[in-house]
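Single chain ahead, written as structure tokens, the form predicted alone.
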């Protein structure tokens, strides 16, 4: 097997680093550890999911399992970008698994939540870690994960993809 990534093929992520066929690929254990250490999401949350890589560092979660590799356009949802120094969870991951997060969670009141949904950056007085955070909003007594933000130097930057941003004040 070469070190080239095939953009149209999904390869199951190895369970452990020792089982990886390519040194730079993340393992299932590393992915679960990332979500546990950064967000307090217990690895058991992912028990029903298999992790797949398509392209370099784009990690997908699929509820179930298949023989690997798989030639298909999409498989589950993208949950993580692991092709950069700091791994970045996706909006889909935050919305699917963010309710299980206990750390690095920023809960916004209505007005700041609307600004976040619109894709705006905003000043935020928060004493948590810098880096990627899961942004939530309370709705009808339930904490709803909205997406991923980047918290740096007292500023919360919305990481919602442009196509998923909504300006609720304009509607």
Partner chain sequence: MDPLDRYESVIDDVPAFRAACERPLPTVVRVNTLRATRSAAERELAESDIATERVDWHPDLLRLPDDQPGANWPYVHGWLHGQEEVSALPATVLDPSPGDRVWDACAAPGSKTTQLAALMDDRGLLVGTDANLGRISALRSNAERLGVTNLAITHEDARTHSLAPFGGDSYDHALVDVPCSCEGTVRKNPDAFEEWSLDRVRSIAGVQKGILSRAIQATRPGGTVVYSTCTFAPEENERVVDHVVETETCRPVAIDLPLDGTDGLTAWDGEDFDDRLTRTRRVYPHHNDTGGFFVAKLAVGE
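Residue numbers count along the first chain shown, from 1. Remember, predicted model here, so these are calculated numbers, not experimental data.
Quick note: we don't show the form predicted in complex with its partner chain, though the next part is all about it.
S.K.: Within 4.5 Å of its partner chain in the predicted complex, counting heavy atoms only, one of 47-55, 99-107, 26-34, 120-128 shows up; tell me which.
M.R.: Stretch 47-55 is the one.
S.K.: Hey, in the predicted complex, is residue 132 touching its partner chain, heavy atoms inside 4.5 Å?
M.R.: The answer is no: residue 132 has no heavy atom within 4.5 Å of its partner chain.
S.K.: Would residue 78 show up as a contact with its partner chain in the predicted complex if we use heavy atoms at 4.5 Å?
M.R.: Answer yes; at least one heavy atom of residue 78 falls within 4.5 Å of its partner chain in the predicted complex.
S.K.: Even though its partner chain is not shown here, does residue 38 get within 4.5 Å of it in the predicted complex, heavy atoms only?
M.R.: Judged by the heavy-atom cut-off of 4.5 Å, residue 38 is well away from its partner chain in the predicted complex.
S.K.: Let me know which residues along 86-123 have a heavy atom within 4.5 Å of its partner chain in the predicted complex, or say none if there are none.
M.R.: 92, 95, 96, 110, 113, 114, 117 sit within 4.5 Å of the partner.
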